[in-house]
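What follows is one chain in C-alpha cells, specifically the form predicted alone.
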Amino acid sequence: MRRLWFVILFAAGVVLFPAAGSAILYIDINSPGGRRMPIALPSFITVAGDPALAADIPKVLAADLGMTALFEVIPSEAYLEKVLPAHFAGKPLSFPDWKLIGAEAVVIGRVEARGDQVTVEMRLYDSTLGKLMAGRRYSGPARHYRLIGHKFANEVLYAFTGVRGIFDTEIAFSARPGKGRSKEVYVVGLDGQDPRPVTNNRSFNLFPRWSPDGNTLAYTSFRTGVPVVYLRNLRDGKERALVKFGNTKSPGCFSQGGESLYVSVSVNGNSDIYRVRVSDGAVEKAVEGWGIEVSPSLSPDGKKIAFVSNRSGSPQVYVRDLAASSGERRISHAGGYSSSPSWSPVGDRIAFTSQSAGNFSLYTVNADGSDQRLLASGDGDCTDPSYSPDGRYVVYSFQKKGYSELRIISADGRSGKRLYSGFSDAGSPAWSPRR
C-alpha cells in the first residue's frame, strides 16, 4: 500500500477561507457547460534529483483538472514569466504577465529528490487578485509523484469550488493479465497509469469491493477450487476468508461503518442476500425470495438496499426498505435483462445495466423508479457501473469482440474518458472511497 506524508506549508492552510468550512466560490460546480477557468501550470523548479518530475507533476495536475470540465490549461508556450527559486524565497510573481495571457490562476512548484524520497512544494495563486490561495509541501517515495499531483489537484478544486476533489481515489477491477484463463484483481488511479496487482494466484478472482475506509478489499476467489469471499488488508497484504458457506457467492457492498458485508450466496440452487459480520463471520439473511436475489447496493444512509431479482420472470433491479419485512419496488424498466445496481453516494440516483437491442447499456433512475435516463451506450456492452465518492462520475466496463476497457463518464452523461485498456476481459470496477 502506498504511503505518503503530508505537511501543511502555511499555517493558515488554504487562506481563501474567511471561516472554517466555508469558501468563496469562483466556480459553480453544479453549472455544467459554463465558462472554464483559465489556469497556468508551468514546469516546476528542480532543486535536486530527476528534473523529469518537474515536468511530470504539472501534467498530472492538468489531466486531473481537465477531467472536471471546469478548468482550461493555458499552453506553456504562451507563458511570459519563468518561475525561479526566488519565487519560493519572497519574490512575488509578475501577476500582470499572467493576466495578460488570460491566466486567472497559476500553480508553481518546487521539487527536491534525495535518493528514493521526494519533497514537493506547491502554491496556488489567484493571479487576478495577486493572492495566495493554497500552499502545501508533500514528502514521500518519488515513485508516488502521481499521488502528490492528485492531492494538490484536490486543493485546487476545493479552493475554487468549495467541493472536495476525488483525484486521489482509485478503481479496483478484475481482468485477465495475459492470454491465460485466470483473472486477477488490480487497482489503478484515475489517471489510468501503472495498475497494481492485488492478487497473483493464477485463479479466478472477481468482484472487488472497497470497505468504507478504503483499507480493505472484499473479493471472490476460486484459488482453493471453490468460491470463497476473502478480505484483503491493503496496508499489510494480509487476508482472511470471510464467507465459505454455500455455492456461488459474490460480495456486493459493505455497510456504512464497515462492520458488515452484504453478500449474494447460492444455497441449494437458490441465491439470497446475506449480511455477514466482518469481525466474526456471523450471518443473517437480508433479502430472500423464491428466485434469485443478487448484487446488493446500499443507500448512503444504510436504510434501503437495491438488488437484482428475477421474481418478475427476468432479472430486474428492485429497492427495498431494510426496516420493512416486505414491499420491494421494481425500479428498472429499460430492457428485458437488468443488473448491477450502484447507488450514488449522494443518494439521489441508482445506476444499473440493462440489455436492449442486443447490447448492454447503462441507465440511471431515481430510487422510486422515476426519471429513468440513458447514461452510456455504444457498439459494445457497457456494464458494471460504480459511482465516484462524490456522485459526480461513474466508472464502468466496456467490452466488444474480445476487447475491453474501463471508462469514466460524468453522472450527467455530458463527458467521458477511457480510464484503462491494458488487460483483456476487464470488469467489475469499484470506485474507492475518499481517504
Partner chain sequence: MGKWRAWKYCAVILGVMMIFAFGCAKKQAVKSTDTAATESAPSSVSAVEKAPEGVVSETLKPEASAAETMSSRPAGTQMASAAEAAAGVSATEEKSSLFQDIHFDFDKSLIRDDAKPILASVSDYLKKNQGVKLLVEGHCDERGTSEYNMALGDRRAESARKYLVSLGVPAAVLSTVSFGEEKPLDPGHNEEAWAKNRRAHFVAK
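Residue numbers count along the first chain shown, from 1. Being a predicted model, the structure only gives us computed values, none of them experimental.
Keep in mind that the form predicted in complex with its partner chain is not shown, yet the notes after this line are about it.
- For the options A286, V319, A159, V198, the residue carrying a heavy atom within 4.5 angstroms of its partner chain in the predicted bound form is V198.
- A heavy atom within 4.5 Å of its partner chain in the predicted bound form is found for one listed residue only; from K91, K238, K82, K303, this is K238.
- D64 falls outside the set of residues with a heavy atom inside 4.5 Å of its partner chain in the predicted bound form.
- At the 4.5 Å threshold, heavy atoms of S250 reach its partner chain in the predicted bound form.
- For S332, no non-hydrogen atom is located within 4.5 Å of its partner chain in the predicted bound form, even though that partner is not displayed.
- In the predicted bound form, no heavy atom of R35 sits within 4.5 Å of its partner chain.
- Stretch 136-144 is the answer when you ask which of 67-75, 136-144, 93-101, 342-350 has residues with heavy atoms within 4.5 Å of its partner chain in the predicted bound form.
- Heavy atoms of no residue among R277, D379 and K417 are located within 4.5 Å of its partner chain in the predicted bound form.
- In the predicted bound form, its partner chain lies within 4.5 angstroms of at least one heavy atom of each of the following residues of 262-279: S266, N268, G269, N270, S271, in sequence order.
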